[in-house]
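This document starts with one chain, in the form predicted on its own, laid out as structure tokens.
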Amino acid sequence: MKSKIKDLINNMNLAKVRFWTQLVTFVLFVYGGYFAIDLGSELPIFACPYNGESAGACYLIPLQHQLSMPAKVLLGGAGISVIVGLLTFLFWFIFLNKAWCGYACPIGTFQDWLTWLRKSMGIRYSTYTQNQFEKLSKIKYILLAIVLLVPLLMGVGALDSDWSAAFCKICPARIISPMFSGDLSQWAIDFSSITAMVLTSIGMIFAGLFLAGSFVKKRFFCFFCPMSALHYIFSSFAFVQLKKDGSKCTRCGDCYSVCDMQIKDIADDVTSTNILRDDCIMCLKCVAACPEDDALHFDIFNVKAFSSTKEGFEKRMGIEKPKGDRDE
């Protein structure tokens, strides 16, 4: 019985499972407010509260507000709330690691839908050179620094209140997420101060790049997402991992060809056991596309929960076995 369940999982149609999971989580996080669902503010996803109907709030928002408290307050009793919020965030995060990005993040799901639209329109997407890929991968850490350093500078008085939630002002999710509820009010520049005008103007530019970029590159914004960077920093502590057995890898390149993030290590690295990289969204397309038994696998508490198999590969690719190889 256990073997049959394992075979059923390894041979499943991952694309359908992922589609329905993304659809359900998208409706839950984006429209949960209509059903009075409140999931808190420490979720490791871009559930943007600028969309008044979202079921939660992006953790980066309360984090910025907490870090901007005066230094004496932050280092005093108020620091406990920051630690509690961080621990709650880490609890949610280690539960699914970066699979949050591939299966639950509404902004990620929206990008996948734009990819489907691009394909339907016959628009080809671009690829990056490895040098370009490595440079783009660093941008998320720059934005993470903005998330953390700007509020800390406010706390010591180096920056004024116009810099409050500075990252949110430049984040494309602030502008795009409310659109799902028919709210276009965020498509505007705030002229209340020079700082607000500059930051919201950058936000408008980033939102435009987000939409245009999604028609050029799969998961375009994920290269710049500071939440992704924060995820990766703590990824080694997660319950779930993406693992590779390099001795079983033939370097066929199938995993790389389906990788939305163009991570070459997934195909080229045959020495690392933990194959998760900072740009990985753990969509598990690589596992589904691998034709070698157990070369790639998704583990929960070091137990293989979804593994690459030749049989699963053949079923997903629609390859029929020769008559002599069929089970009697």
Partner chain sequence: MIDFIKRDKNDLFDKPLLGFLFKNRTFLMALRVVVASLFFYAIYFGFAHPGKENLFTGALFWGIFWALFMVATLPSFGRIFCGICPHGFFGKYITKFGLKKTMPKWMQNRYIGIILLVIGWWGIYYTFPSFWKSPLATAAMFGGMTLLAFVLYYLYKDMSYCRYVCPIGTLTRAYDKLSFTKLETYTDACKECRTFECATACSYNLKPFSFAKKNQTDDCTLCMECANACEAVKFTITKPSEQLFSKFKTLNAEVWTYILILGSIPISMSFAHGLNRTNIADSMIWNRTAEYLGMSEYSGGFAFGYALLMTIFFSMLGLFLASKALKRDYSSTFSTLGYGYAPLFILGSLGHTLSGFFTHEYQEIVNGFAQAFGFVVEVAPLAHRGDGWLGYFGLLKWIGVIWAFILIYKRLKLIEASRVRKVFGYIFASFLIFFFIGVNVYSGYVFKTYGAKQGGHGSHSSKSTSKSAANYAKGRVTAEKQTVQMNDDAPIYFSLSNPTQTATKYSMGMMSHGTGDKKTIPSQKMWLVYGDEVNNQKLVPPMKIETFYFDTKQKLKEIKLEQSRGTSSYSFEVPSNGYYNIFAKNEIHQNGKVIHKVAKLEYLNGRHGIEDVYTQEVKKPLHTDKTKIDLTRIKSEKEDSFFYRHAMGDELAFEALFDNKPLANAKLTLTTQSGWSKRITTDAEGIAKFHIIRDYFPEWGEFDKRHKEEMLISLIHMPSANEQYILTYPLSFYPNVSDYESYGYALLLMTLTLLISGFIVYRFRRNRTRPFSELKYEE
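Note that this is a predicted model, so its numbers are computed, not measured. Positions refer to the first chain, counted from 1.
The same protein has a further form, the form predicted in complex with the partner chain, not shown here; the description that follows concerns it.
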message: With a cut-off of 4.5 Å between heavy atoms, is residue 191 one of the residues that contacts the partner chain in the predicted complex?
response: yes
- prompt: Can residue 201 be called a contact residue for the partner chain in the predicted complex at 4.5 Å between heavy atoms?
  reply: yes
query: So in the predicted complex, does any heavy atom of residue 135 sit within 4.5 Å of the partner chain?
result: no
- request: Check whether residue 90 has any heavy atom within 4.5 Å of a heavy atom of the partner chain in the predicted complex, and answer yes or no.
  value: no
message: Each of 59, 86 and 181 within 4.5 Å of the partner chain in the predicted complex, by any heavy atom, yes or no?
response: no
query: So which of 152, 139, 96, 82 reaches within 4.5 angstroms of the partner chain in the predicted complex, heavy atom to heavy atom?
result: 152
- request: Tell me the stretch among 201-209, 226-234, 99-107, 139-147 that has any heavy atom within 4.5 angstroms of the partner chain in the predicted complex.
  value: 201-209
query: Within 126-145, which residues have a heavy atom closer than or equal to 4.5 Å from the partner chain in the predicted complex?
result: 126, 127, 128, 129, 132
